[in-house]
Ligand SMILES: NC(=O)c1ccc[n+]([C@@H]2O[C@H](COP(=O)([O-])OP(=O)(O)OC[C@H]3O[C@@H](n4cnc5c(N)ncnc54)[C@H](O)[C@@H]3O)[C@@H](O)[C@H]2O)c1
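The chain that follows stands alone, in the form predicted on its own, written as structure tokens.
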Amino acid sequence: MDYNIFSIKDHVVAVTGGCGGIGSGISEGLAALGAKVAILDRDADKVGTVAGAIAEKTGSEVRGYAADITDEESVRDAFRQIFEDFGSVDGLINCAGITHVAPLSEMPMDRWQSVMDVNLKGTVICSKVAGKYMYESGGGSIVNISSLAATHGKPGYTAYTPSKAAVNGFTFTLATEWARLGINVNSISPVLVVTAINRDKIESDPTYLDNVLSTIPNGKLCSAETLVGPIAFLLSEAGSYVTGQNIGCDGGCQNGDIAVIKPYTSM
């Protein structure tokens, strides 16, 4: 067996939300594996700095592009430049995401819409635009970062949960639509990853992380680094027959609940 099928060396991969905690971690991990990474973020001042730091650390070619993923023309401009700079687009990681947690009775509809715009509309726009370049490059792979929240109801998440559930539905549908074009589409659903989005909640409630860990069968939090392995597999030739899937990266949460029953910790 040719184990080079697991390699993503020299693959051109675009990562949205690349300045965020998860996005920058994924970008660094893919660059460390030899991919050429295009980081997209709306923070024009920060995106170049983050890209430069990752390039220096990993030795790979990493470039930053300012883009508003909810604006199709902005995304088109960014990918036009990416294609000009790199010559192809082989992969897209739709990582950009936001949330607003509040009871529905107190949920401002503009904030609800913002969550849907970034998490769902942004994923759709970037996939639409990047897919054209993947097709011209002979195929590619799209990985949408979803969430365990997509399938687990939780009070206060009436914006975030439906946005991620819709991302999964979009993933399944686009995978069937583009399968014969050589473009795979999958999603990955992590459990809680500590980022700037939820750090205020964690810092304001000392018991929050312990409560979360008590529901994860393997007793560990997810991280951006944890996501790099499954993403790299889906980007590589080894994952070329996998499409239309939602892969849990959640320590066993999708198929287990230890919130009430104490887990075994020894044999």
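Here the structure is a predicted model, which is why all the values come from computation and not from measurement. All residue numbers are counted from 1 along the displayed sequence.
Keep in mind that the form predicted together with the ligand is not shown, yet the notes after this line are about it.
Only one of Glu61, Asp43, Glu237, Glu225 comes within 4.5 Å of the ligand in the model of the complex through a heavy atom, and that residue is Asp43.
Only one of Phe79, Trp178, Phe170, Tyr160 comes within 4.5 Å of the ligand in the model of the complex through a heavy atom, and that residue is Tyr160.
Listed stretches are 84-92, 139-147, 101-109, 170-178; the contact stretch with the ligand in the model of the complex is 139-147, by a heavy atom cutoff of 4.5 Å. Residue contact with the ligand in the model of the complex: Gly244 places no heavy atom within 4.5 Å of it. By the criterion of a heavy atom within 4.5 Å, Val118 is counted among the residues contacting the ligand in the model of the complex. The ligand is not drawn, but in the model of the complex it has a heavy atom within 4.5 Å of Thr195. Interface membership of Val191, defined by any non-hydrogen atom within 4.5 Å of the ligand in the model of the complex, is confirmed. Proximity of Gly20, Thr70 and Lys164 to the ligand in the model of the complex is complete: all three residues have a non-hydrogen atom within 4.5 angstroms.
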